[in-house]
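First, one chain by itself in structure tokens, the form predicted on its own.
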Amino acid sequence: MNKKIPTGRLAPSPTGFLHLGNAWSFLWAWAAVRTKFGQVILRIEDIDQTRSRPEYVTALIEDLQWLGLDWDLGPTLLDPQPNYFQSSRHQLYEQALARLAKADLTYPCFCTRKELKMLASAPHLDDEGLFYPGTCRRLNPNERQARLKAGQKAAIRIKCPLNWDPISFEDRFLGRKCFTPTPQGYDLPLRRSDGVIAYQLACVIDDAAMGVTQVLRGRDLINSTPRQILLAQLLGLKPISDYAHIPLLLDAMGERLAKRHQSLTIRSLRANHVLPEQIIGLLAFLAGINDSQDRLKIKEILPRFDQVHLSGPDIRITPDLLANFGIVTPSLIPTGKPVGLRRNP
């Protein structure tokens, strides 16, 4: 793969149907690559096989194609391309873990889910909800061995080097960001105690192996970026330098759109006779490039991409807003107090 070609990826998890929030981030990730005449990769992040379903893989491919999103590398309905499924790449992740362990950059963590959930309610968490006080990092070799002999299952965590230099990157929409790694925030789990590889490790390995040069994703993942940069550096990989983090789509009550918002899945919208041009027109309006609230074909947004406004606050989706684009859905989402039409300034 020619790494000089701008390369981005769409990386859905097949744990449910794609929803309007997914379409929002995938649309702009796709456009950011296509405007550079680059290549798009479709990667299926099905590493957690207990939650992933093959019927969701089929549905997400159909829904992406229905919206008009295309890709150059990755699975299609006719050509599965298993190497673009994380579930088939486990050997690569284990090899990376072995390299880190050999460099004394990992340690076993015996903390239970209950203990970690108690930490998750602590007031000192960062915006991504990540904080680990180093309980198992402080265990000596004899204590670790005793726990393993007693049959305790262990997750594997990265051992963040002490006094690591601050990590900075330039965000396309938010400007320069700088983070200082500490063990409390950067001792990430790399493999769960049940053997499932963690998102951060799989993402870093796959982005490097697939030649990804740019990432556009929701702002809720911005604190993953310095952690992934750190992990890439520790693995001897070249970190991605082109990042963009965009506002999230919220429901009318201010909750992030998710798979539980069933009336706003692409599948549900299609079943309610919504056209892809209506969805593209809506998303373009929210990004500030569709003043007239027209229906748009997906390729019509490419000449306007350099004018998108994606640095503002998160955006609420209300029934009134949907109705302005002819989108009527069953009342399966909280509506709350109407906030009317809005988009990023």
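For clarity, every value in this text was computed on a predicted model and none was experimentally measured. Start at 1 and count along the sequence shown; that's the residue number.
From this point on, the text means the form predicted together with glutamic acid (GLU), which you will not see here.
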property	result
Segment that reaches glutamic acid (GLU) in the predicted bound form - one of 171-179, 195-203, 101-109, 153-161, heavy atoms within 4.5 Å	195-203
Residue 13 within 4.5 Å of glutamic acid (GLU) in the predicted bound form, heavy atoms	yes
Interface membership of residue 217, glutamic acid (GLU) in the predicted bound form, 4.5 Å heavy atom rule	yes
Contact label in the predicted bound form: residue 45 to glutamic acid (GLU), heavy atom within 4.5 Å	yes
Contact of residue 221 with glutamic acid (GLU) in the predicted bound form (heavy atom, 4.5 Å)	yes
